[in-house]
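Shown below, as structure tokens, is a lone chain in the form predicted alone; questions about how it binds or moves come after it.
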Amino acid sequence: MSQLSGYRPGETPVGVKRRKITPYLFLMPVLVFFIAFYYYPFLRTIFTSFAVTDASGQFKKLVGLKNFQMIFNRKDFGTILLNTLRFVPMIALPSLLLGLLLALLANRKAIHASRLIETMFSLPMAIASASAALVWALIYNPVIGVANFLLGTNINWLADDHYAMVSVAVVTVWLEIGSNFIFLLTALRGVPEELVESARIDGANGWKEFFHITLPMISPTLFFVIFMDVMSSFQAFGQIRILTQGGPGIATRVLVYDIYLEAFMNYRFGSACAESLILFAMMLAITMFQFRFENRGVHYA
């Protein structure tokens, strides 16, 4: 009866209270961190999106939905949204497919020096986007760049409306491949050998083995990788800032870069916070869409 009432044999009421409070004390540092660096900034962003601030970001007055009205009345905002929605699939799909292809190649036991190959494929993961963008800016240089030399072209990759977005996308895909490769290679090595051997004994060829055994077994990791690629695509900033600064014109200006311009160049913090909420709503909608179809395509062993 003492255990059912919450008491242990010989335990005092003070001991029971201390035992109940102890888990929350261990959680307190994490809760303080989340409140200070996640929840408070998010709530402050919501509040500021309905307000006008001075050049230093200090609150002046509430204006309701005027910040949102001003954003949607901008002539270039539709193009910025379209650029953002174009940029995400340009990153997510190629980085997923290339990461999966490289993981499949590295997972083959017949390939010698597989450890060296793994290191080479995962190296982009250790490089900051700003550093990578500086290197790629030299590669894209129309005069001394390697890109024109190898392709035999004479294109100003970062200043041409037709190539600027693709050029930035190539850099971003290159940055994403490393993490995708590591996650997918780990998933491939977790596929039970018994299932693969059974499929081969039953006469399954390589394609059937991949689509009916390998792909379902790594589907949770594929779902995670797709989710992370989409989220990071929405938040790509460093390479755009260094390579094109949103140009030429607004050809590569995506929503996250426009938020930076509104806040730190135009000092319109209310408008920037309103755009941040629009970006959050877009990411939330896509996340809900992904999780809605998770059970149809993801197999949890």
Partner chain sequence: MRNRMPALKGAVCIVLGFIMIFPVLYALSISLMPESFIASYPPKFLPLRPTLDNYEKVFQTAPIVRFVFNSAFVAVCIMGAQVLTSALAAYAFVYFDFVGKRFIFIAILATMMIPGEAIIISNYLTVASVHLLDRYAGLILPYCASALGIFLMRQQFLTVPKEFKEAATMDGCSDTRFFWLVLMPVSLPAASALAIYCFINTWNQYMWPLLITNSTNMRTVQIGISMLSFADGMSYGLIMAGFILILIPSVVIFILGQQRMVGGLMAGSVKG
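Numbering follows the first chain given and starts at 1. These figures come from a predicted structure and were not determined experimentally. So that the term is clear: the rigid core is the largest set of C-alpha atoms that superpose within 1.5 Å between two forms.
Below, we turn to the form predicted in complex with the partner chain, even though it does not appear here.
- If you check the partner chain in the model of the complex, you find no heavy atom from any of 51, 85 and 156 within 4.5 Å.
- The partner chain in the model of the complex is approached by residue 177, whose closest heavy atom lies within 4.5 angstroms of it.
- The closest non-hydrogen atom of residue 144 lies within 4.5 Å of the partner chain in the model of the complex.
- Using a 4.5 angstroms limit between non-hydrogen atoms, residue 89 is distant from the partner chain in the model of the complex.
- Mapping the unseen interface onto this chain, residue 105 counts among the residues with a heavy atom inside 4.5 Å of the partner chain in the model of the complex.
- None of 89-97, 75-83, 162-170, 184-192 except one has non-hydrogen atoms within 4.5 angstroms of the partner chain in the model of the complex; the exception is 184-192.
- Residues are counted as partner-facing when one of their heavy atoms sits within 4.5 Å of the partner chain in the model of the complex; in 120-147 these are 120, 121, 122, 123, 124, 125, 126, 127, 128, 130, 131, 132, 134, 135, 136, 137, 138, 139, 141, 143, 144, 145, 146, in sequence order.
- Superposed on the core, the two forms differ at residue 25: its CA moves 2 Å or more between the shown form and the other one.
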